[in-house]
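Below, in structure tokens: the form predicted on its own, a single chain.
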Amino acid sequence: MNSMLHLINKSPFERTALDSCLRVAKAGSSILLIEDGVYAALKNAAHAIKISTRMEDFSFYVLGPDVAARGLGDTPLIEGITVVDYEGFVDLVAEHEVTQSWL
């Protein structure tokens, strides 16, 4: 069981939540990109390299309905990010001892 789930809900183009999380999160943690945080999961986005280079340290997830809600359903995501639905979101919260939201 991973002990911590980190939730990123801000766009990496507007806030530093993703950078802060990647800097302080412990290896083995999970990171779920939700709401505008899903922009960080886009394969050709400026922040893709930050996630791609940390795949061995963290498990990355993105909330599929939030990707679709932003009209990005056909946009390629970074390889290795797991897409979850709302049920998967709930499962991730239940599987982790602590959930940290980054603002």
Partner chain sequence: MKFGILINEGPFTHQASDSAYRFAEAVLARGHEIYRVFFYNDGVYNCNKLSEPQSDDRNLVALWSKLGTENGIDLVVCIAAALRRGIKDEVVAEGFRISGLGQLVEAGIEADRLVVFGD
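Residue numbers count along the first chain shown, from 1. Just so it is clear, the structure is predicted and the values come from calculations on it, not from any experiment.
Omitted from view is the form predicted together with the partner chain, to which the following refers.
At the 4.5 Å threshold, heavy atoms of T82 stay clear of the partner chain in the predicted complex, well away from it. Not displayed here, the partner chain is kept clear of D57 by more than 4.5 Å at the level of heavy atoms in the predicted complex. Using a 4.5 Å cutoff between non-hydrogen atoms, R70 counts as a contact of the partner chain in the predicted complex. Residue contact with the partner chain in the predicted complex: S11 places no heavy atom within 4.5 Å of it. With contact defined as any non-hydrogen atom lying within 4.5 angstroms of the partner chain in the predicted complex, the contacting residues in 76-103 are Y86, E87, F89, V90, D91, V93, A94, H96, E97, T99, S101, L103, given in sequence order.
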